[in-house]
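Below you will find one chain, with nothing else, as structure tokens; this is the form predicted on its own, and questions on how it binds or moves follow later.
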């Protein structure tokens, strides 16, 4: 990581460097000394298993669908990682899934509803708690009623499970799972010289983040193109497109972008702890810079609201130190 105070206005992603804090470089790519602003959230982890990995993946795909942003989905949920049979409670192939909401009440609503419609319905699946926590999120304790009185409760090593009869045998589901405090909204923006180059950098970033524990990137492919700001010209809409980072609006609105920025993609990260998000941001940024370098990336920055909304601030200089 190096300082670069001598870049020309044409090369500087945000215009004249005399009017901006000194950008630093990672693998030759300029990085703005700004911060990502993130928020307190509630989180849980589920462990989903099935007779084959394919069925587990099918159930997980349905479970995490429409779970990209709390703005409209109410939940941010994605597969954390795949699990070997030796890592699951019933010795079958499985997946760990992380889910984040802004309130415990929303988590209590979203998880049983999704589990009932997407996991209970999928052939051969079972569902287990994936995290400890004093506060509990209902699973089988809500879904058991589908058994219409034929469900059976089992208490094993202090943990309660429900066996619900279904047409391929029975659906085994732990009674509940833990709820913990977490953080959502860690992020960084990749400023690309072309669409192909920024997409390549994006894939490198998400591939580097994917193996890491305790974090997810909930948007499709781990990235979003629809960066948003708070508020809108239309009443009732509390988030709208961030025109300052839409290259097609260059010349129509004030923007911090140089003419060489053609496309921008944002990586959003939710995590169980701030250090986990910081580690994911670092891994993603380094991978993106290594993959395409300055010939593909004009620069890297992060999204924030001036520090007024979220109490977790991930300063890029510190994350990459």
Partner chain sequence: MNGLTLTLRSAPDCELNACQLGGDRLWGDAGRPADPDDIRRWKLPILGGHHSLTLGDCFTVAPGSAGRVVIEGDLSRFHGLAGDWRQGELVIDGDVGDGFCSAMTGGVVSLRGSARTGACRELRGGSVHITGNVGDDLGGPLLGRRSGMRGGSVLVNGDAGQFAGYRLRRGTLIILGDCGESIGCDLVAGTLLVGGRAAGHVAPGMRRGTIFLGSGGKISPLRFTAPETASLGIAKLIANSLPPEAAAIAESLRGTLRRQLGDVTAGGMGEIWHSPHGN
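Positions refer to the first chain, counted from 1. Quick caveat: nothing in here was measured; it's all calculated off a predicted structure.
Keep in mind that the form predicted in complex with its partner chain is not shown, yet the notes after this line are about it.
- Figure note: of the listed segments 105 to 113, 216 to 224, 71 to 79, 170 to 178, the one touching its partner chain in the predicted complex, with heavy atoms no more than 4.5 Å away, is 170 to 178.
- Although the partner is absent here, residue 197 lies well away from its partner chain in the predicted complex, with no heavy atom inside 4.5 Å.
- Its partner chain is not drawn, but in the predicted complex it has no heavy atom within 4.5 Å of residue 145.
- Not displayed here, its partner chain is kept clear of residue 136 by more than 4.5 Å at the level of heavy atoms in the predicted complex.
- Interface membership of residue 128, defined by any non-hydrogen atom within 4.5 Å of its partner chain in the predicted complex, is confirmed.
- Taken together, 249, 254 and 303 are entirely out of contact with its partner chain in the predicted complex: none brings a heavy atom within 4.5 Å.
- Of the candidates 210, 228, 124, 151, 151 is the one whose heavy atoms come within 4.5 Å of its partner chain in the predicted complex; the others do not.
- Scanning 83 to 111 for heavy atoms within 4.5 Å of its partner chain in the predicted complex gives 89, 90 in sequence order.
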